[in-house]
Structure formats: structure tokens, C-alpha cells
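Take a look at this single chain in C-alpha cells; it is the form predicted on its own.
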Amino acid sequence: MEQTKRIDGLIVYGVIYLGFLYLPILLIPLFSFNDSIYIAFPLKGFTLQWYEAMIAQDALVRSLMNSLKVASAVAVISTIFGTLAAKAVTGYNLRGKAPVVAFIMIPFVIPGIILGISLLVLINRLGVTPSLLTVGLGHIMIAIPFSMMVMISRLEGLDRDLEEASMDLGEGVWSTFWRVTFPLALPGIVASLLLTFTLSFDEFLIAFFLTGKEATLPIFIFSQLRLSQKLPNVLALGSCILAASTVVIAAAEYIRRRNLRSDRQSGLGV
């Protein structure tokens, strides 16, 4: 009886917690179809005009394309460096490994506004003009630690005997990595790509200080929030991003579960 009450209490707590997290998000697509520029109940009616206005807004589309380009480059580059760093940390007994890892993880604990100001001062000293390139470099710096942590958790669970067997059979270090380690680490690589892409796509503070004439999407949205007549377009965009994110997360979860089943069937550790 006591255990049943505890389970019921946990269920109630879970429902309240999930509602607190996701109900505000679900209001975004709801109000994106509202035939009014004001976010308030009751709804005035159903309309698709905000989606049409969103597509017709050239500045919004450009900022979206800018964010997609930056986030894609950041995801690939940071995952490459994060994977190599994680491989070095987990595969070799390096001297001074702990201090080096701690140094790489410093962006975890530095406030974003401090980091953004510091990078702005640095590029000004170097005479570099703020642009999407500087935004991307700033995002890579903060994305590599996230990628590295994801890949460390994946590579630590792999069976090292498989790599040793590959090299015993005549394969080199790189061929062993591509033929053995890479396929086994693929779920972690996909997770790292998704995480770092999302991190760069959503990041505001560093982009605020390092962006030039070409704004990223968070910067553009921030500039639109001061204009009430532009807010419905932002809600329409947010709804599209929410739908795309749901599809990506569902695909990532499908890949993760499929690889987990494959690992279990082949008897490999994860």
C-alpha cells in the first residue's frame, strides 16, 4: 500500500513537471495560428497569414540561413576535434591528462557574457572584423567541450580488445579507427553533431558580441521582440523550428535504440 502511494505520487509529480516544462512551449504553435498580433486569450480566429509573412520576410530567411550555415560548420568541426580529443583521453595514458581536460572544459564555467566580451576584445586587438566567421569560431570554442564529454562517455564503454585485435591482424592506427572504432562510436558522433548543432543554432550571447552585418537567427529574433506587430512572425518561425526539432530528436532516438539493440545482439559494451 505504501509503495503504491509512492508510485502514484511520483506519477503526479512527473505530470506536473512535464506540464511545467512543455505547456509554455505548446503555446507557441497555438498562438502562431491566432488571427491577432497580441498573445492573449481568447483566440481571435484561425489564420495562416503569419506563416506567409514569415516566408516573405527576407531578413528572417537570411538570418535563418546564416544560423544553419554556422551551426552546421560548428557541429562538424567541433565533433571532429571532440572525437579526437576523447580518443586521446580514453585510449592513451597521457601525462598531465587531467589538467589538459580541465583546461578544455573551462568554457563550461565561464559566463557567456564574459566569454563574449573577451572574444570581442581579442578580435578587435587582432584587427578582425566581426562576421559569421568570428561567430562560428566562438561557437566552436564552447562546443568542443560538449562534444568531448559526449564522446568520452561513448568511447569509455567500448571493448578495447577489438581495436587490439584489428592491429594484431595488420591494420594501422587510422584504419583501425575507421573500420572498428568509428562504427562503434557512431551513436555518440550523431549525438555530438545534434548537440553541438543545437548549441550553436540557439546561442545568443557570443553571437551578440561577435556578429557583424549578417545576423544569426537568435539576434534577429531579439531585434523583432521590441515590435509587437512582428511577434506573430517569430511565433510562426518558432513553430517551424519546434516541428523540425521534434523530427530530428525522433530520428536520433530511433538511431540510438537501433544501435543499442545491435550492440546487445553482438555482445559489445556501450
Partner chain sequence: MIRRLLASPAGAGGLGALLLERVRRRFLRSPQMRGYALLSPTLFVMLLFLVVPLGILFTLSFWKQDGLFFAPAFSIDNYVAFFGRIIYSKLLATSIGTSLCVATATVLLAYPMAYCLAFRIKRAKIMWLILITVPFWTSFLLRVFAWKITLGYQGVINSGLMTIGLISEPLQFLLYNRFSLVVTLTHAWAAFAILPIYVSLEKIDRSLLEAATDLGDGPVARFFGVTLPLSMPGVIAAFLFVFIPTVGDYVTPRLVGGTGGIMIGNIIQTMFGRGNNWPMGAALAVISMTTITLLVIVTLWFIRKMRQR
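Computed from a predicted structure; not experimentally measured. Positions refer to the first chain, counted from 1. So that the term is clear: the rigid core is the largest set of C-alpha atoms that superpose within 1.5 Å between two forms.
The protein also exists as the form predicted together with its partner chain; that form is not presented, and the subsequent description refers to it.
- Residues F33, A73 and L193 are none of them found to lie within 4.5 Å of its partner chain in the predicted bound form, as judged by heavy atom distances.
- Its partner chain is not shown here, and in the predicted bound form it never comes within 4.5 Å of any heavy atom of T129.
- The closest heavy atom approach of L68 to its partner chain in the predicted bound form falls outside 4.5 Å.
- In the predicted bound form, at least one heavy atom of T198 sits within 4.5 Å of a heavy atom of its partner chain.
- For the chain shown alone, F209 is a contact residue for its partner chain in the predicted bound form, at least one non-hydrogen atom being within 4.5 angstroms.
- With a cut-off of 2 Å and the rigid core superposed, S245 has a Cα displacement that reaches or exceeds the cut-off between this form and the one not shown.
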